[in-house]
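Shown here is one chain on its own, the form predicted on its own, set out as structure tokens.
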């Protein structure tokens, strides 16, 4: 995938950002300057294990080497423009990623985990009609350091309250498989024992269905989530234009290949849109559609945003859909809506807070917005 014009690249002149490197990349980079391979491991240990980013404090490096490294490597992270906290504990971070652009990442708390939802692009080309990010054309793809940077800044912030990120999901702004090199480079850093050292089973990549790149999720041995949102091709094409190019039959076959390669069930994300995807008959068609695909269904009541043109179903409709899908034998999770009051819920992220996209929403009359519903017909929930 070719980077857009203003995407940072590995050929940039001047010092390189440390957070752009996998361990192998850093070893190769230092080798160009005659440095031993093990120096990369030493630096990784200082930065990711001890959070030291001042070369003068890396005392197992010689004084001359430390001086030289200052001209080769920087540790710049994207500044935080805003940090909002929801009534339910969800946190949203707005990052400055240069040239007047910004992105959002969200920390989602639950009883047994703390999940970070990261962005992979500024805007998005997929144009899903129910998603606020989809209304903003792609400005550029994020670099590896900008993705890893979201993790590092949030994790450093959480340490102040003795919290730690346990899971990471690529479900923020952008289509992750439209930016494979940076996304899977960041996954290597986040997973590597020399890096963040997060288990592959704690990392999930979500896609709208970019079939030619889905094999890379299996190759990376991380979990796969598919933004399905339709029980047949007609409905899915109405809300997700990508379905016209990659229809359900092909998408579900690719999901089966992922399962065959990994043994991991796919999470099928299904947004409930009033009158469009939320009826009992739709539940029956959805379960029928997925009967041969090893998966669990993640139901997501639509989250409002300015000018969406869609409505959120009533609590009763959502519960009826959930109950029917379970009755038919599907493994179903009704996702708890988190961060809706600060526009941090699924489908609400934007490149910046604008006049038509306020910082907060009144959810005082919402039931599902503050209800944790986790019901399954079999098995246990995961991310």
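Numbering follows the first chain given and starts at 1. Predicted, not measured: the structure shown is a model, and the values here were computed from it.
Below, we refer to the form predicted together with a small molecule, which is not included among the displayed structures.
Across the options 288-296, 145-153, 103-111, 165-173, residues that bring heavy atoms within 4.5 Å of the small molecule in the model of the complex belong to 165-173. The partner is absent here, but in the model of the complex a heavy atom of 271, alone among 217, 283, 271, 187, sits within 4.5 Å of the small molecule. With the partner omitted here, the residue from 140, 92, 305, 223 that has a non-hydrogen atom within 4.5 angstroms of the small molecule in the model of the complex is 305.
Within this chain, residue 277 is remote from the site of the small molecule in the model of the complex, having no heavy atom within 4.5 Å. Residue contact check for residue 231: none of its heavy atoms lie within 4.5 Å of the small molecule in the model of the complex. Mapping the unseen interface onto this chain, residue 300 counts among the residues with a heavy atom inside 4.5 Å of the small molecule in the model of the complex. Residue contact check for residue 130: one or more of its heavy atoms lie within 4.5 Å of the small molecule in the model of the complex.
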